[in-house]
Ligand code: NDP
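Given as structure tokens, the chain that follows is alone and in the form predicted on its own.
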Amino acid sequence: MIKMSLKEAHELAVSCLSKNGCDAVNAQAIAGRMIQAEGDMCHSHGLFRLPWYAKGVKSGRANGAANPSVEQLAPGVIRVDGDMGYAPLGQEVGHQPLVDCARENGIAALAFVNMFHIAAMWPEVEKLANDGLCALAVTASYPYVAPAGGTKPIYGTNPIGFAWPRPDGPPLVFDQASSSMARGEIQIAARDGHAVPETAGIGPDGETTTDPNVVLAGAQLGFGGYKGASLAMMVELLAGPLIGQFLSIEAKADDDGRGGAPLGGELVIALDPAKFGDAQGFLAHGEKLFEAILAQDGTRLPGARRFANRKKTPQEGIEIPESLHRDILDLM
């Protein structure tokens, strides 16, 4: 393992992205998102993603000099065109317009289009919750997940992010795939030689397996069987046809075997509690639920482990596999 500080990791990411075709603004935004994940010790969305980012820009498929633009489509609907760049910069550009729109109307939706999304989803909803809003976000990917009863990939892992503000301390935040496991977790298991649960996926012929390489060659499964598959289908429709972006199967066809990040959309919905009739009491009411959860032994609130890691890593640094470090240096 290679140990480094968060600052060193950020500098490494910026340097790699810059040398592969990103301008300074895009490199900073992308690196910031990856190192935010590393700081939370969510390694599957950290520097593990850097070669994929760099490959997409170097190939010319992703725009390393993207200049996202904002358009108001309706009183409560905003669209950010990502200019064929990666999502982190577009999300920075779209944040404040979404906040303003939600505070004006009580509820607002932001459609991100024409961008490549391979980052974690909790940063954008967490940032909205830090501004006092409730937030929900969905996005699709490539077809990795079989429909209920099927054996061939149709849906993406199709994560759902949610955040709820709290009166003291960080908000409640979760970001979870509708598949049994996130794609990156299975890829890391394959890299490190670990088995995965039988619920993670199936082989190319529908066979049961705990081998992550067989799952990657076959299909992942929705969490809870048909329930996760139904949520994956919902996300496909909200992040695809609703906002005029690709379904996962269309994103794969568009990539045409080049192996880059998926081109598509993301839908973020923000709600201002001040406009829903209980502006003074909603926070305390929510805390009543959290207190009841935490009163039981063995429980924790979603996101608590990431927030705890976030306090440690600025002092302790992070570690990445030497093989990944070599791969990054080879790109420079």
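All of these numbers come straight from a predicted model, not from anything done at the bench. The numbering used is simple: start at 1 and walk along the sequence shown.
Beyond the structure shown, there is the form predicted in complex with the ligand, which is absent from this document and is the topic of what follows.
Colleague: Taking Arg33, Val93 and Gln245 together, does each of them reach the ligand in the predicted bound form with some heavy atom inside 4.5 Å?
Modeller: No, the whole trio is out of contact, none within 4.5 Å by any heavy atom.
Colleague: Only one of Leu271, Ala304, Leu283, Val70 comes within 4.5 Å of the ligand in the predicted bound form by heavy atoms, so just point that one out.
Modeller: Looking at Leu271, Ala304, Leu283, Val70 one by one, just Ala304 meets the 4.5 Å heavy-atom criterion.
Colleague: Note which of Ala108, Ala177, Ala111, Val125 lies within 4.5 Å of the ligand in the predicted bound form, where distance is taken over heavy atoms; exactly one does.
Modeller: When the ligand is considered in the predicted bound form, the option within 4.5 Å is Ala177.
Colleague: Looking at 157-165, 76-84, 204-212, 191-199, which one sits within 4.5 Å of the ligand in the predicted bound form if you count heavy atoms only?
Modeller: Going by heavy atoms within 4.5 Å, the stretch is 157-165.
Colleague: Is there a non-hydrogen atom of Met121 within 4.5 angstroms of a non-hydrogen atom of the ligand in the predicted bound form?
Modeller: Heavy-atom contact with the ligand at 4.5 Å: present for Met121.
Colleague: Does Val173 reach the ligand in the predicted bound form if we count a contact as any heavy atom within 4.5 Å?
Modeller: Output for Val173 is yes: heavy atoms within 4.5 Å of the ligand.
Colleague: Check whether Arg300 has any heavy atom within 4.5 Å of a heavy atom of the ligand in the predicted bound form, and answer yes or no.
Modeller: Yes, Arg300 lies within 4.5 Å of the ligand in the predicted bound form.
Colleague: Since only the chain is shown here, I'm wondering whether Ala182 would be in contact with the ligand in the predicted bound form (any heavy atom pair within 4.5 Å).
Modeller: It does: once the ligand is placed as it appears in the predicted bound form, Ala182 has a heavy atom within 4.5 Å of it.
Colleague: Mind listing which residues of 36-70 have a heavy atom within 4.5 Å of the ligand in the predicted bound form?
Modeller: Counting only heavy atoms within 4.5 Å of the ligand in the predicted bound form, the single contacting residue of 36-70 is His45.
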